[in-house]
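In the form predicted on its own, a lone chain appears below as structure tokens.
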């Protein structure tokens, strides 16, 4: 595919991400997306086939790049398990803050709790990241760096759930936190360092076996 076609495809994906995040999967239409992207329906259908195909393309573009980074962290034998967790937290929080539009789009769809090929494919892609995170934690347990009675599933639910509550309930959490959680500058300068510090302190206290010197 030549550069012009790649650029056009990326432009369509950028517009689609914005429209899906604003209107949800059900509310968005390929006609709306093609109109805002300035392309005809034939081109959109040629690249993506359907609204489901376009949604999955937006989803895959965001998720797959994070998967590659996470797999590199997980397979690094030169660092401690806790250092891997710190790297994961930093990367995860950065992506939540910088991709807030995508995060909104994703969890709107997950909240629908529908069953079907689209939902199954989304869940399957997300589970790759979940399994890589589980691998990091389990490796720490096996090496004695993390406590042996760690509940892996609830650690993951804590990481994802904290973010979901704050980002996806903005009216409530803006009042609770005392600042506008939808303000991009506040997200970057206030919320990001706050949640990074909180997650690291919380998870270190729960995970790390303090008798293991590799995590000192």
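Between two forms, the rigid core is the largest collection of C-alphas that superpose within 1.5 Å. Positions refer to the first chain, counted from 1. From a predicted model like this one, the values you see are computed outputs, not experimental measurements.
Keep in mind that the form predicted together with the DNA is not shown, yet the notes after this line are about it.
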- Query: Which of 152-160, 186-194, 27-35, 169-177 has heavy atoms within 4.5 Å of the DNA in the predicted complex?
  - Reply: 27-35
- Task: Indicate whether the candidate residues 61, 95 and 122 are all in contact with the DNA in the predicted complex, with contact defined as any heavy atom within 4.5 Å.
- Result: no
- Message: Test of understanding: in the predicted complex, would residue 57 fall inside 4.5 Å of the DNA by heavy atoms?
- Response: no
- Message: residue 40 versus the DNA, in the predicted complex: is there a non-hydrogen atom within 4.5 Å?
- Response: yes
- Task: Evaluate residue 45 for contact with the DNA in the predicted complex, applying a 4.5 angstroms cut-off between non-hydrogen atoms, and reply yes or no.
- Result: yes
- Task: Indicate whether residue 182 is a 4.5 Å heavy atom neighbour of the DNA in the predicted complex.
- Result: no
- Task: Answer yes if the Cα of residue 184 shifts by 2 angstroms or more between the shown form and the other one on a rigid-core superposition, and no otherwise.
- Result: no
- Task: Please check if residue 203 moves between the shown form and the other one, taking a CA shift of 2 Å or more relative to the superposed core as movement.
- Result: no
- Query: Do you see a C-alpha shift of 2 Å or more at residue 147 between the shown form and the other one, with the core held fixed?
  - Reply: no
- Message: Taking the cut-off of 3 Å or more as given, in which direction does the distance between the C-alpha atoms of residue 35 and residue 183 change in the predicted complex, closer or farther?
- Response: closer
